[in-house]
Ligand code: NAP
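This document opens with one chain alone, in C-alpha cells, the form predicted alone.
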Amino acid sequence: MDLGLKGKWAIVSGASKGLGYACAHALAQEGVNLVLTSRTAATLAESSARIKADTGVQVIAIPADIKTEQGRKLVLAAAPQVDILVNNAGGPPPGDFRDFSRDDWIAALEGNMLSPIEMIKATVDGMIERKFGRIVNITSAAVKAPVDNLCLSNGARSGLTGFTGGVARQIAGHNVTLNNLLPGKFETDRLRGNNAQRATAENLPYEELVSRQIKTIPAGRFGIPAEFGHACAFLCSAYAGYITGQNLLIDGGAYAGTL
C-alpha cells in the first residue's frame, strides 16, 4: 500500500535506535526524506547510513540534545521543510517518587513534555500553510495505566497528552493531525534497562521477571519495534487525515480497559 508520502520531509528525534529508529525506517520505506537526531553521534551515524542504504531516501543526521533550545535549533535548521514530526525522547529514570528532587521533575518535564511542545510550535504553522502535516508524539502506555516505578514519566507524559488533546482540534481543519502513540512493552534497550532495575529491586532473576511480564500480555510476547514503526507511518499517511487528537495504545492487549 502506497501511503502517499513520497518526497515528504520528516524530523524524527531519538532516532538512533529503538522505537524512534523503527519509525524513521518505516517512513523511509514510504519514500520520506529524514532529518534524524539523537545525542549519540556514532550510533546515529550508523543508523542513518543503514536507513539510507536500505531505502535510498535523503537522510540528514544531526547529533543533538533535542531537550535543549540549541539542540532544537540545530535540528530545525537542517530540515528543508517539516511535513512530519515524530517527537520521541527516552523517558526519565524509574524509581520511588520519594527519592526524586524538584530538579528531577523539571528534567522530566523538559524532556517529555516541554521539548515536544516547542517542536510542535516551531513546525505547525508551516504545515498549516502547506495544508499537510502529521505530528506524532511517542509517549507511553503508562499514560493510560500508570506504572508504579515510572512516576516521572507518568506525570510528564500525561501533561503532554492533555496539551495534545486541545491543540489537535485547533489545527484539524488544515489537514494537520496530532496524535500520540502509546507503546506497551517492546523489545528495546529501555525496556531491558527498566526490567533490570525492577528485577534488582524485587530480588528476582531477570528471566523470571520477564516471564511474569509476558504472561500478562494476551499476545504472549513483547512487541517488535518494526510493528510500532509501521503504525507510526500509517498515522503519518495521506489516509489518516481524519484521525487526530487520539491516543493509540499498542500493547498486545495488555490494557484490560474498554477506553
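Source: prediction; values computed, not measured. Each residue number is its position in the shown sequence, starting from 1.
The same protein also has a form predicted together with the named molecule, omitted here; what follows describes it.
Here is the short version: of Arg198, Lys52, His230, Lys67, the single residue with a heavy atom within 4.5 Å of the named molecule in the model of the complex is Lys67. Ile138 is the sole member of Leu178, Ala156, Ile138, Met119 with a non-hydrogen atom lying within 4.5 angstroms of the named molecule in the model of the complex.
Contact with the named molecule, judged by heavy atoms within 4.5 Å in the model of the complex, is confined among 202-210, 230-238, 27-35, 58-66 to 58-66. The named molecule in the model of the complex is approached by Ala15, whose closest heavy atom lies within 4.5 angstroms of it. Interface membership of Gly133, defined by any non-hydrogen atom within 4.5 Å of the named molecule in the model of the complex, is ruled out. The named molecule is not drawn, but in the model of the complex it has a heavy atom within 4.5 Å of Lys185. Taking the partner from the other structure, the named molecule in the model of the complex has no heavy atom within 4.5 Å of any heavy atom of Met127. Of all the residues from 75-111, those having a non-hydrogen atom no more than 4.5 Å from the named molecule in the model of the complex are Asn88, Ala89, Gly90, Gly91.
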